[in-house]
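Encoded as structure tokens, the following chain is the form predicted on its own, with no partner shown.
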């Protein structure tokens, strides 16, 4: 063996790998060393102990919390960077003094919180609650309507509201620095990453307005930092107070990120896969007993699953407590949910429905609108009186039930004379609209909107003193009842029985769907008679019921009000359906294929040759994309080399940077590729969480490529990159701040033809 041979140091474990307590020294006596000291470790054993986090003689080393060991100089440098970031993001925050892009929505939601009026949005409430808190503390009364982009603010503390995302945008910068340092990157690399984030035009633009993406990115960055800190603690020594603290804070941050937007689920997936990797490694470590493995598993399940769920649910509890009164979101919710809101309560109503009852009839499926008519006619078809589905209580929702198979069909019928006649299965009835004295009617005319052969028009037909005709007749088909009310299966019972109405002549079913009538129908929901009706859209129930022969001693019923869990689950389903329904094209939407290339931005605001246009810093953006492609290519090459017998993964440097870059690449991929599965509207800002991981990955690549350079050379390279990035930021800054610029400047800024901003 050559005298110059040097044993290779064992590879450092990647992030999240198992730790172990020091093994006892091996008793390996020999003739040359017959009485070896028990606490003596040879060179190989010392290297093994060091790789497991132990110092000389097996003593555990103490590490800084989360593996962060920053000098006083670094903290001072970080403070300077934060001051610069605050200046960049809060520069002229009051401009423009009018509504910008989606401030139309999120400012309006703040008004609804302050007015305590219920609304429905596709996003969870945390970020909106933070913005509302700033508005409330600043004295906002909720009276501004945020109706249109460009509407000038009046009596709105919009600067304070914009300060929330701006402040959280600033907070991302130190988190970037600390995360890279916790990932064992050099200080120069961490500085480069924090300044890349500082001067990224897209993140700047998004954080300067009343929008949700800045809080989302902040909690994404916070979760990443806390997880890396926990991984360092876990690698050193598990189940200490610091270990539990980092793990619990990671769980709380996971709850916060998904409470801003459901995109936070991708952050949960990132931490989830990293956790599975940790557990898989522990499972393969024979020094870890099954009991200890279960302890690790249960600790992670508690802090990374239960804690985020409880935090997420707590945000909705606050949401429900504030939005206690009826608002324009009522129509999205079930009738039971609606009656938990102030102003929507209902008096107890008679349970038994009979011939002669005056009732209101609600649709089961499409947010429970009321069967409705008003004194306006269809402009086409029969040109008879309109029948619609209307979401609010109104006198035009009242209908009188008349027996269609006896003399009771005569308009002179008096329900107070004769015995009480319940509505049983297959009873034939007429429904008379009390306000206009017309009857629910269908015939062989096509509806004005759903003009297809299997749909018939439904109208209100008749006149005072006219008994009507057979086209007014409907057969009651009971489809289901309440399991706690057996009679609701045998006859029509208020609130308890679901039924269908089949037309006696046409054989079609009274039907409604989410198609709305044009302005002549007041944009109310279309009601038709459908021969191929989907059962869910042809089910109805009676909400209120009065009858002259029922006295106060008769049985009454009311809605069973749901508890928090039922309301929470119902709202999640409504949010999911609403989000999936956002499929209409938008003038500035884009698809995921264009995001890494920065092919297109979003026009936020334009006025007097000034424009706010969301577009990233091309240098930072394209470097991050290049890093993603480079890692994917190099990792693929390493896999091929390993298959051919090369031992690249025996090199501790390769193992370290593969674990580091692999974690960041996984974060980018999990925040990017799921958007390919979505058919809803998508915009450039949906890429921002993935962009954050891509920027960190570009810095990790820089750290690797400059690892063999002298510190001064590394610093010079970083300085050149930063100068180019800052120049690019300044070049595009008029689009971030809405500053005046010339037509020539505008034309020079169009580096790509697909960037559709203009002077």
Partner chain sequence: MSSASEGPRRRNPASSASRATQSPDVELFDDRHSTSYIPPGAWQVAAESNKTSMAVVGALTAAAFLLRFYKINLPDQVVFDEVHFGKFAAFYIKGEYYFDVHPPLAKLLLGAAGWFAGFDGNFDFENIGDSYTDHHVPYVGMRALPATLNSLTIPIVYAIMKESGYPTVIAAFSAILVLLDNAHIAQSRLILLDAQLVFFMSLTIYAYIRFRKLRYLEFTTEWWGWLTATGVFLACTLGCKMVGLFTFLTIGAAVIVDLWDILDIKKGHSMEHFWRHFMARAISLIVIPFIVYLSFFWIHFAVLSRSGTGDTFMSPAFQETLRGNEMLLNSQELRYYDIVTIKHKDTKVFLHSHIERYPLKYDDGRISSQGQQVTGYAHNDTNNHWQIIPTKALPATGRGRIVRHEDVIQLLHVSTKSHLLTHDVASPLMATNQEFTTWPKDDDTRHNDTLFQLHLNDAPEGQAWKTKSGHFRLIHVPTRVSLWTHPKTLPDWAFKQQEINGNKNAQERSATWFVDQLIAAEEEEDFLNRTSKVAVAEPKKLNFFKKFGELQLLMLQHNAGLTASHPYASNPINWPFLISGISFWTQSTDQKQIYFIGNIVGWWTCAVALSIFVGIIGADLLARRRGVEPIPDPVRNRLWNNAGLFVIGWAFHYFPFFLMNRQLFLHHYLPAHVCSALAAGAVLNFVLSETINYPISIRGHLTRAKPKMHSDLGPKALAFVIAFALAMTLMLVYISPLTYGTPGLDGEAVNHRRLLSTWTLHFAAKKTDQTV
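Residue numbers count along the first chain shown, from 1. The model shown is predicted, which means the values in this text are computed figures rather than measured ones.
Keep in mind the form predicted in complex with its partner chain is missing from the figure; the text below concerns it.
- Interface membership of residue 72, defined by any non-hydrogen atom within 4.5 Å of its partner chain in the predicted complex, is ruled out.
- By the criterion of a heavy atom within 4.5 Å, residue 184 is excluded from the residues contacting its partner chain in the predicted complex.
- Using a 4.5 angstroms threshold between heavy atoms, residue 419 stays clear of its partner chain in the predicted complex.
- Although the partner is absent from this view, residue 564 stays clear of its partner chain in the predicted complex, with no non-hydrogen atom inside 4.5 angstroms.
- With the partner omitted here, the stretch from 590 to 598, 344 to 352, 278 to 286, 323 to 331 that lies within 4.5 Å of its partner chain by heavy atoms in the predicted complex is 278 to 286.
- Only one of the listed residues (426, 454, 673, 576) places a non-hydrogen atom within 4.5 angstroms of its partner chain in the predicted complex, and that residue is 426.
- 479 is the sole member of 121, 437, 479, 482 with a non-hydrogen atom within 4.5 Å of its partner chain in the predicted complex.
- Scanning 622 to 659 for heavy atoms within 4.5 Å of its partner chain in the predicted complex gives 639, 640, 643, 644, 645 in sequence order.
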